[in-house]
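Here we start with a single chain on its own, the form predicted on its own, put down as structure tokens.
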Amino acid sequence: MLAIETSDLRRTFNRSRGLFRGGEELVAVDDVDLAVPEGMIYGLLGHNGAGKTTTIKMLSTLLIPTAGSARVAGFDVVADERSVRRNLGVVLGGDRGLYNKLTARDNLVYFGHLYGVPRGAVGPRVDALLDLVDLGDRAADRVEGFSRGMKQRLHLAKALVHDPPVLFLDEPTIGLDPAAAVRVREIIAGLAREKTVLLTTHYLHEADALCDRIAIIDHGRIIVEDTPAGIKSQVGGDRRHLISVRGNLNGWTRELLGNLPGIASVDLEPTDDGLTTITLVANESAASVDAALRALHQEDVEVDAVRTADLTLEDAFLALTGERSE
């Protein structure tokens, strides 16, 4: 059985130009087809404005689709929205959604009652979830004193309080420090044994580590759908090459290298030791790197070192979308 299924899902908005004048139609999601089996962590990736959050909102019944259809846990998101909500847990990026003056335990008890969890089952369920997200020792503390990472773990517990089979996690680690983000990822990975998780994130290493399959959405359309390894392989023979150079580069360097044959993407990053690392994704590795080195030499750029690294999901994302990493 498919946990999430969409067919020709579409959402448009109208940019009003005035009270009595029609506006320009903006297509946010354009004929998206998804088929997510049960028990999978499924990633939905894309740059800002690509259509990720709009898709999540339609699937979670917060937006009505303009056209097409969608089902979550077997229920139509328009015709049976109450059943969708009963079978769905949602974590949206940000701090909203918790009551700061209540304790962690009281928050979960309150939301458990709202979701219709039987009165006798709420207490044990809440205690188990607080232990799951490492907040058992802070159960009696008010949420207003929690760090952002603690609040995000409590958001996860809240989404699980009614034991839904499907979870939507929209950028669950955004703004967290590295240790907090690692713990949230560990919790998400542990959920995969019994839940279906739809994950959106801008941290591509996170998607690479967590997701069984990934869809990349660009300008409202799915441009590729595969396993993380499969997406990397679709870039072809592209490899990532790191060229360390000394001194500051002129403003034309990125364009100069990007226009060379075989170069899929170029990124420049200054380092603390006065060097600049040029990251090239190239599909004709040796010839492309040689061409880049010749171009840098002609610009009197001193090359300090050259090395080749494994292609990452971020490299594949940049090559497929033509966008810079966020």
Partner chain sequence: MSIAIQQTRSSLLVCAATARAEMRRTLAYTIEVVRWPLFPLLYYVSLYFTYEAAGRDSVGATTPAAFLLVGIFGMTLWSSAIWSGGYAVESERSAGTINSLFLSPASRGAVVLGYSLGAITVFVVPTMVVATGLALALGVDFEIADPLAVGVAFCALLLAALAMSYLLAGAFVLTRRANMFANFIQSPIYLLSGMVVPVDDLPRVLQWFAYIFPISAGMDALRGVLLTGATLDEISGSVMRLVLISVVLMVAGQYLLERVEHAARNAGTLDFE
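Residue numbers count along the first chain shown, from 1. Bear in mind the structure is a predicted one, so any value in this text is a computation, not a measurement.
Missing here is the form predicted together with the partner chain; even so, the following discussion is about that form.
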*Find the only residue in Ala28, Leu296, Leu63, Leu34 having a heavy atom within 4.5 Å of the partner chain in the predicted bound form.*
Leu63
*Just one of Lys101, Arg246, His205, Arg148 has a heavy atom within 4.5 angstroms of the partner chain in the predicted bound form, so which one?*
Lys101
*Among 172-180, 102-110, 123-131, 221-229, which stretch has residues whose heavy atoms lie within 4.5 Å of the partner chain in the predicted bound form?*
102-110
*Using heavy atoms and a 4.5 Å limit, would one call Arg153 a contact residue for the partner chain in the predicted bound form?*
no
*Can Leu114 be called a contact residue for the partner chain in the predicted bound form at 4.5 Å between heavy atoms?*
yes
_Is it the case that Arg193, even though its partner is missing from this view, gets within 4.5 Å of the partner chain in the predicted bound form, heavy atoms only?_
no
*Using a 4.5 Å heavy atom cut-off, state whether Ala157 contacts the partner chain in the predicted bound form.*
no
*Partner contacts in the predicted bound form for 191-209 (non-hydrogen atom within 4.5 angstroms of the partner chain)*: none
